[in-house]
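A single chain, nothing else alongside it, follows as structure tokens in the form predicted alone.
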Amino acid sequence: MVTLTTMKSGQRGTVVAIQAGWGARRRLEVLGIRPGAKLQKVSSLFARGPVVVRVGTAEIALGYGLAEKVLVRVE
């Protein structure tokens, strides 16, 4: 398992867990990022910039800190 920040661009995976408080988990769930969800990392900027992921047909930009809390099993 890896975090969203350590995944390489183009990799796909399944969300295994979210290691965050209630508020952050709720925010991610509203965006469609919850345990069991399949996603693909689109890109990330150098030096702790936002991480862009594709969940279904939507592309979502997450801050580095929030992306660090999402654990993914890479396919």
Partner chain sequence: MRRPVVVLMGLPNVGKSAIFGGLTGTWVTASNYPGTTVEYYRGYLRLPDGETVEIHDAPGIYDLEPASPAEEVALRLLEEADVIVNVVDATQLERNLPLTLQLLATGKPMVLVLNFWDEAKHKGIHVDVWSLERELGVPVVPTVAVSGWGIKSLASALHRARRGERGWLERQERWVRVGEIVGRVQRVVHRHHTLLERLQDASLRPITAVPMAALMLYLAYRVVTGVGEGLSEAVITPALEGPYTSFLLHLHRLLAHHPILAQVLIGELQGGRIALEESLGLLSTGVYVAIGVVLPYLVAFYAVLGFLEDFGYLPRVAVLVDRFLHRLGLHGYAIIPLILASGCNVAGVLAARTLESRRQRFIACTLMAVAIPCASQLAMITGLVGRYGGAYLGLVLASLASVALVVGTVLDRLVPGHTPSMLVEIPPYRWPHWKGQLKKLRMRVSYFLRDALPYIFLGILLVNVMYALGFIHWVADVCGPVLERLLGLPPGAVIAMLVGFVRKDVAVAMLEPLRLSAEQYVVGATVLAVYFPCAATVAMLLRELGFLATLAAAVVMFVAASASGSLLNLLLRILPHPWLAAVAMLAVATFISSSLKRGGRNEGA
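Numbering follows the first chain given and starts at 1. Nothing here was measured: the structure is a model prediction, and the numbers come from that model.
Same protein, other form: the form predicted in complex with its partner chain, not shown, and the subject of what follows.
Put simply, L66 is close to its partner chain in the predicted complex: some heavy atom of it is within 4.5 Å. Contact check for V52: a non-hydrogen atom falls within 4.5 Å of its partner chain in the predicted complex.
At a distance threshold of 4.5 angstroms between non-hydrogen atoms, L28 is in contact with its partner chain in the predicted complex. Its partner chain in the predicted complex is approached by I60, whose closest heavy atom lies within 4.5 angstroms of it.
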